[in-house]
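Okay, so here's just one chain, in structure tokens, the form predicted alone.
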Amino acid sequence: MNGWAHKIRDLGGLTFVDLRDRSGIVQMVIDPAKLDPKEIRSECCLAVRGKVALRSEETRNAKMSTGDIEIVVDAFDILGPAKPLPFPVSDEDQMRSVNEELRVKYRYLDLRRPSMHRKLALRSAAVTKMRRYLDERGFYEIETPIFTKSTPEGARDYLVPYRLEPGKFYALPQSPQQYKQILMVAGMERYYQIARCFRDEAQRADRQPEFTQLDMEMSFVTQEDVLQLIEGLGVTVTNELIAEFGMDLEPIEPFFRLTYDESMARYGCDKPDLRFGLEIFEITDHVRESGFGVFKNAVEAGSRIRGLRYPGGSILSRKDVSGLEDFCKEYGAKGMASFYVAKSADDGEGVISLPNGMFVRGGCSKFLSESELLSILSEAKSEPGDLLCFIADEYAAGNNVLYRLRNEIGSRCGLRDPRKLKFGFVLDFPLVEWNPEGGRWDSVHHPFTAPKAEDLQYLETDPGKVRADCYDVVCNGAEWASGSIRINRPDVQARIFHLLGIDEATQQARFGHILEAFQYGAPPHGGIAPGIDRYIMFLLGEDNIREVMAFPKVGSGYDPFMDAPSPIDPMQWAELGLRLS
């Protein structure tokens, strides 16, 4: 057998070595009277010869798949000695406290851990199953270029100097978007690719400067065709992985569907976590003439009064509620009003009894009329023991606070079940949004997104009313995939460019190649691109994308293992026709 020395235990009369390879761990027994085990150190690479023997009944280890047997060693060779380790590879508990940058610097050691190996094994299996699913449905796997043209939109491009003509640059692709559309013009009809993408943007826990997505495009399809394909792939692949890897997850169900407007109104965001309820409620119309000045003045100023219920929140102290208000202020709220839904007339001081048999106390309840309180309790679908929280602000700003508060309440109440994956579609996004700083309309997704045919009539007169044939797939409060039906008619594309303020010279400079291709019989087409890194995060319940990538970046895009980015020598500067100003 070949492998690495995972753990070494010297018990005097015998030495036990747990030998590990990617398939698992097995116990080796060495008799020091016959072989000298002193040269065996943690993580050295070994070749071992011996005989398989059953362990005695009292020494069997039910926690190991090989726990009924051991290898009685006849001979061993050290194939690769190991220096003292920078961290304890064999101790998963201690590894949780190891500095992440140190782990990435010695990633070849970090990846030896069975837990890390399992993550990459799951990722490999997921990609294999995705390929199989699409191959069976007539897709071609086609690679597109990594060196491409800079067409700035969204994030910044990573640029690569062109040595033969200083001043010219390639760009690394933010996605294969234009290439896959050209493949549809070329008649490929069904394309996919496990695509590497590059975006120079601020890092977050679920974002890396380079990442991998399953890129897909299809010709002669409607939005419904794309939705059914990605739902089928998601359900099939996920449930196969859950079964194959024995994961502590419930099998996933068909995807839920929400329009963008529904999602924003009910959950405050376009990526709701639907593992739990707690929808936003609105009381604006009930408090327009309220005696509670905070509500009345806010409504008169054009704000909307909306809220959330905190199940069981009546046990929170005033200090706890103040902490919730501080949480809301971190995300732009001016404040947070609240009151408790009491369980009985004896539930604390200042309880107000209502005709419907319910009771309230504290907070802003004493400033609200009986009819207002009854209306609020009805809108909130409140129950005894709740805390009702209210935010007064304009719609978009209020949503930004309320969706975060909803997730925080869900986490505190244990409603975000880690054993559930709740996938769904958010549909009918706006085509464009107004950019007040730039004084222009911007694409919500990208300028090749098709508007809904029935909304084209509003493109010039009321652009904000136009919906797009665009769709996102979300899971547990995060985006997994985004896609759309594309524009294939040059006349419609010209109208979109005009709306976005992109003049003809800029159109030709940035997109001339694709606009020219669309003059030669471009079919209706559409696609989607689910993120593979995020998908594995969902399956494993990881909070950080670096945990599911073999060689991630840390901090602001730094690679501690390769020490990249790094300086280049003066000759390279000269060859590229560049100099540091």
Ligand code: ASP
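Given the structure is predicted, the values throughout are model-derived calculations rather than measurements. Residue positions are given as counts along the sequence shown, with the first one as 1.
The same protein also exists as the form predicted in complex with aspartic acid; that form is not shown, yet it is the one meant from here on.
K.L.:
Quick check on this chain: which one of 407, 193, 482, 507 has a heavy atom within 4.5 Å of aspartic acid in the model of the complex?
P.N.:
Of the candidates 407, 193, 482, 507, 482 is the one lying within 4.5 Å of aspartic acid in the model of the complex.
K.L.:
Since exactly one of 452, 113, 446, 286 fits, which has a heavy atom within 4.5 Å of aspartic acid in the model of the complex?
P.N.:
By the 4.5 Å criterion, the partner-contacting residue is 446.
K.L.:
Looking at aspartic acid in the model of the complex, do all three of 175, 486 and 527 come within 4.5 Å of it through at least one heavy atom?
P.N.:
Heavy-atom distance to aspartic acid in the model of the complex: all three under 4.5 Å.
K.L.:
Okay, which stretch from 312-320, 291-299, 80-88, 177-185 lines aspartic acid in the model of the complex, with non-hydrogen atoms inside 4.5 Å?
P.N.:
Only one stretch qualifies here: 177-185.
K.L.:
Hey, in the model of the complex, does residue 238 get a heavy atom within 4.5 angstroms of aspartic acid?
P.N.:
Judged by the heavy-atom cut-off of 4.5 Å, residue 238 is well away from aspartic acid in the model of the complex.
K.L.:
Applying a 4.5 Å heavy atom distance criterion, does residue 399 contact aspartic acid in the model of the complex?
P.N.:
Result no; residue 399 lies far from aspartic acid in the model of the complex.
K.L.:
Look up in the model of the complex whether residue 129 has a non-hydrogen atom within 4.5 angstroms of aspartic acid, and give yes or no.
P.N.:
The answer is no: residue 129 has no heavy atom within 4.5 Å of aspartic acid.
K.L.:
Taking the shortest heavy atom distance, is residue 365 within 4.5 Å of aspartic acid in the model of the complex?
P.N.:
Because no heavy atom of residue 365 falls inside 4.5 Å of aspartic acid in the model of the complex, the answer is no.
K.L.:
Would you give me the residues of 181-200 that have any heavy atom within 4.5 Å of aspartic acid in the model of the complex, in order from first to last?
P.N.:
Contacting residue: only 199.
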